[in-house]
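Shown next as structure tokens: one chain only, the form predicted on its own.
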């Protein structure tokens, strides 16, 4: 009978024979080569991109340059989103739902400040059906008045009520309005008190759809589909899309370089307390104003922990130590501009204390009083977040589609992550100093007796 020690020695020798070379390990937050790369193409004027991820399912999206930034009248983007997957010239809404259920698929529609996204997730072999379905949504949706009044408008009002109770979203919309006024400053969801219904009806939404679904203004993006297959079906089904948007909308929505303004707004609210401190940020990677140091600065400030039961390493983590208080720093990126913002929620006294701490921390960074270890950890966190975006199919679809539509270039996320490596301590220090010298956007929602003014915080508005 073999002894236990001899068996162990034999196993070790076998492993050494099978693994003659040491296992290569990737460094901290290093992307796998080519893992996030999209192939791009053009099919009769329709831009498309795909990456053939291994797996049995495919996620497909139509990404249109029809976010609230581009709507000519209040509520148009919200209305167009709610009309997605309603009746078309070939299929009723009931048939669309039943066929999708029979195929085990999920249908989605949502919008952001710059994009309207209509998508589906389904089994890989069903790609032809869903490319055709998206083409029908874009080219032959019936914008019937009774559907608008009975289905679309009630959904818009429900979304409004949800926003009304969310002080953080109110403050964030306010900060964007202060920063950019019109365009990117337009609220993602119509305000409850806004008289948008006097501008909105089925006909105006249909006219706006001719702009949103014109070939220059949208792109088709797929995860989990072969590039040749996607090219074939986009060629076949999107031939009927408008070649150009209507001239009146094109002239009225003529794209201008986004201008940053700054300012302060205070909104009384009885259901919570929020403050947003916002500053000029970075555009997306495909835009002309990309600054990787802004992403690192956002991670350095931080506020939220990625580790359960721990406050985290970020500089603002301790500022959120009060019970029920949250602090979050994000870099909102758009095609030609960006907004770095610190969002604070909690009781009025805790929000006020965290706001003072946030400004104090910015001064410390600008003065070079932050350790190299903190900056190193912030760079690793920023890089991880970019790579995590690459794994997140939803984010990857919208960013890639937006890059194709706005800059005719796919958003290659691993390239963005690599650019963070070039950020130096001096660049972060200079970025913080520039923010403090710029006009800030300060939005306060809640108990205005306790929430401080921008002047109290020492910020310029």
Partner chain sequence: MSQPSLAPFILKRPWLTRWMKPLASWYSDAAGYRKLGLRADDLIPEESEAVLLALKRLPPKDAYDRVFRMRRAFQCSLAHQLLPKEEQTKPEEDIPYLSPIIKEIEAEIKEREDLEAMKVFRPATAPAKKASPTMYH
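Bear in mind that the values here come from a model prediction, so they are computed numbers and not experimental data. Residue numbers count along the first chain shown, from 1.
This next part talks about the form predicted together with its partner chain, which is not shown.
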Handout entry: Listed residue (155, 103, 252, 165) with a non-hydrogen atom within 4.5 angstroms of its partner chain in the model of the complex
Key = 103
Fill in the blank from the handout: Only hit among 125, 373, 236, 203 for heavy atom within 4.5 Å of its partner chain in the model of the complex is 125
Handout entry: Contact label in the model of the complex: residue 308 to its partner chain, heavy atom within 4.5 Å
Key = no
Exercise for the section: Report whether the minimum heavy atom distance between residue 268 and its partner chain in the model of the complex is within 4.5 Å. Expected result: no
Practice task
Examine residue 369 and determine whether its closest non-hydrogen atom to its partner chain in the model of the complex is within 4.5 angstroms.
Solution key: no
Handout entry: in the model of the complex, residue 72 touching its partner chain (heavy atom, 4.5 Å)
Key = no
Handout entry: Every residue of 94, 99 and 229 near its partner chain in the model of the complex, heavy atom within 4.5 Å
Key = yes
Problem - Segment assignment from 294-302, 239-247, 146-154, 345-353: heavy atom within 4.5 Å of its partner chain in the model of the complex - result: 146-154
